[in-house]
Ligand SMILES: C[S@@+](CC[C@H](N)C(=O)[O-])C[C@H]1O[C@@H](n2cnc3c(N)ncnc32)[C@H](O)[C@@H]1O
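Given next, in structure tokens, is a single chain: the form predicted alone.
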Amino acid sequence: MNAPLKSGIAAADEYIERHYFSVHGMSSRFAAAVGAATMRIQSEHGIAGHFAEIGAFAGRYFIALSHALTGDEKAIGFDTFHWPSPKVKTKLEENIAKYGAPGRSIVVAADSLKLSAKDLVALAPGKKVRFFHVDGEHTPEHLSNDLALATHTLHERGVICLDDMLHAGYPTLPVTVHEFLKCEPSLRVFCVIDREDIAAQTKYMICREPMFDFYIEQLIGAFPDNVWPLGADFRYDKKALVLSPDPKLPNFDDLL
């Protein structure tokens, strides 16, 4: 993708277009635009709450979505800040000061396995999380815990976004997700955000079942040229949306 698509939020779009690759990280600009657009849609429909991210790292994706917040909403970022060195926490704080909204941001050094829903809610009382991005430790234990933490703090009309879902280096991560979803039948994957390259990988977006059609319809309206027409088959009664930077299909006209 030569240029990022627009989320409809001026501050987020400016950051994504001008500064996104100035910040260390691996999330794609396309995924950031889709995430920020999802938050814009939420705001337009009265869905208020915080943005939380497990695995904030140096802040590439964190800063993009913090620009989609309104009012007194906060961006809450967690990371162990151990890799590649403890310097990454300082870099995150510098990047927030340079590119983000420092007054909105709460940065916490913590292993998510040691966090509880009560701990998270206490950081910014009064609201739940409306968009929860999970990009933490890629182990079954951490991912299961992070999914539970996100579910227990999520606004009833909110979204959980999971990174690296079809990553060649972590092929079993979706197994953990599907096992978790079996125990949480009210949750559904409503959108797959296709990868840009081997580093900027696929994301799953999850909501509660009553919001499934709403988010699909809204995102189709926001990104009509990026809809992969075959959709994603999660064995629901209807397919989930697939958004791709290049939603091409092979041409089989000569077989018809």
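Because the structure is a prediction, the values reported are computed rather than measured. Numbers for residues come from their place in the sequence shown, where the first is 1.
Keep in mind that the form predicted in complex with this ligand is missing from the display, and what follows is about it.
- Partner contact region in the predicted complex: 79 to 87, out of 95 to 103, 79 to 87, 179 to 187, 147 to 155, criterion any non-hydrogen atom within 4.5 Å of this ligand.
- Just one of A36, A56, L69, I206 comes within 4.5 Å of this ligand in the predicted complex, counting any heavy atom, and that one is A56.
- The listed set V192, M26, I41, A48 contains one residue whose heavy atoms approach this ligand in the predicted complex to within 4.5 Å, identified as M26.
- The closest non-hydrogen atom of R130 lies beyond 4.5 Å of this ligand in the predicted complex.
- The closest non-hydrogen atom of D111 lies within 4.5 Å of this ligand in the predicted complex.
- Shown alone here, E137 lies within 4.5 Å of this ligand in the predicted complex, counting heavy atoms only.
- Contact between K74 and this ligand in the predicted complex is not found at the 4.5 Å heavy atom cutoff.
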